[in-house]
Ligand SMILES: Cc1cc2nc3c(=O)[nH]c(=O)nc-3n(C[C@H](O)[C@H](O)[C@H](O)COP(=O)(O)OP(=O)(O)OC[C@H]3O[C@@H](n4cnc5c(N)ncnc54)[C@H](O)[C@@H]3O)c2cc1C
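Just the one chain here, the form predicted alone, laid out as structure tokens.
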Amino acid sequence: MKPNIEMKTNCCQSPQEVTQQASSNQDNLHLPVAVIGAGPVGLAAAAHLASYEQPFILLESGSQVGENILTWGHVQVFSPWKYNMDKSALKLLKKQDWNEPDQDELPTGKALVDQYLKPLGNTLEIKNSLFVNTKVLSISRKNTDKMKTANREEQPFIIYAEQNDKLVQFEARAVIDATGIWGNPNPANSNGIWLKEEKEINHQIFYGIPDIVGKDKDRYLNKRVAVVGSGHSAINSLLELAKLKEVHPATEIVWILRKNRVKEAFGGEELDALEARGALGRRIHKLVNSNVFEVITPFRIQHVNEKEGKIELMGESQGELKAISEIDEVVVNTGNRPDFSNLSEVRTSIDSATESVKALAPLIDPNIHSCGTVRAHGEKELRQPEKYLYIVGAKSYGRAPTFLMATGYEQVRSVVAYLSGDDEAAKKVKLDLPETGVCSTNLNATNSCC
């Protein structure tokens, strides 16, 4: 039985209208640029392509733009609206009937989607090129596997995707992977290894920031809840649990950190250039001093086990093996990691430690750089051995915790300029940030600034 495969190349037709087409090498320039992921950075890439009047397709695995962001829609970001919107995107939006938010307000994730990403996805320049419910499975070169070099760069990209339970196929002259890292979490295990036991208890473990005082309230009230992690995601989870405990005092909260001292998680507090981020540090510091949480640090989890419906965390502390028992629920905020499975048939250059684009690794080492000291970079640094393939956004930073939304916007501006033949604009990269960075909520790393 032959698989149901549709070939899609025309960026301006609906999925039902696109017919099977073939293209020769000389037609590659007329093929669209494929942007994968309709989050903030992917949509910014689409806006820049539209500004250069370049054909493109925007492929989103979710049912709408910004779907990953909605999983933390209740969380407020640290930076105001003016740092979270792309300039080319704003130009498109201002041509529409769009209510611009107050530039100095701090949006929630849901507001970011509802007031910015959704209207952007509905602009005339983007909506006909947007394919939702389209999960990219693999990318390759036409009739050219990873081993073959001859005439490789002349072949168009072939993109296999699952769309509404059908296998579909797109052709593109270039690929911009803006799929991010959200939804691919690190385990609680401090060695970074996913063990079978932890995977099997996923009904009692939440990876991310649950809506603890909202829709997820019943899951946590009057339970013994452990939060694993020391970054801003963990702090957000703890602050929500503290609110729940005020109303339901039987709720027990255990904060588990790998750091040697809990105060290392408080951040800059009053010295932070971003008031909202500093406020998080001050609030968590006060709650720790008030003994609202049981703080266990340093504790490095080795095993996650289930015992009679409860969770037991076995770990190392001060050189001794210890157990934290009788846990009802665990919230894991240990960061995320990139998934490169869709790029296994193209040639990439990835740093072995950070799992970032290799050329970025020395620029974004979190042991050296804060958000504000990561210098601007663009097409040149993002080039892959596979010509016209680019990994951008949070995925370009791999496991490094210093990614900024504004950095992603500058990345795609430069990449799109290059793909559009504007070499001068591609080379001019600039990002003006305060020393401590203009950061959003920490959703991608254990101790990230953004």
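Each residue number is its position in the shown sequence, starting from 1. The shown structure was predicted, so the numbers you read here are calculated from the model rather than taken from an experiment.
The next section is about a form of this same protein that is not shown, the form predicted in complex with this ligand.
- Scanning 156, 378, 229, 180 against this ligand in the model of the complex with a 4.5 Å heavy atom cut-off leaves one residue, 180.
- Site annotation in the model of the complex: the residue of 129, 88, 354, 79 reaching within 4.5 Å of this ligand with a heavy atom is 79.
- Stretch-level contact check against this ligand in the model of the complex with heavy atoms at 4.5 Å: of 49-57, 381-389, 403-411, 418-426, the positive one is 403-411.
- When contacts are judged by a 4.5 Å heavy atom cut-off, residue 28 does not count as touching this ligand in the model of the complex.
- With a 4.5 Å cutoff on heavy atoms, residue 62 counts as touching this ligand in the model of the complex.
- Using a 4.5 angstroms limit between non-hydrogen atoms, residue 207 is distant from this ligand in the model of the complex.
- At a distance threshold of 4.5 angstroms between non-hydrogen atoms, residue 243 is out of contact with this ligand in the model of the complex.
- In the model of the complex, the residues of 129-158 lying within 4.5 Å of this ligand by at least one heavy atom are, in order, 134, 135, 136.
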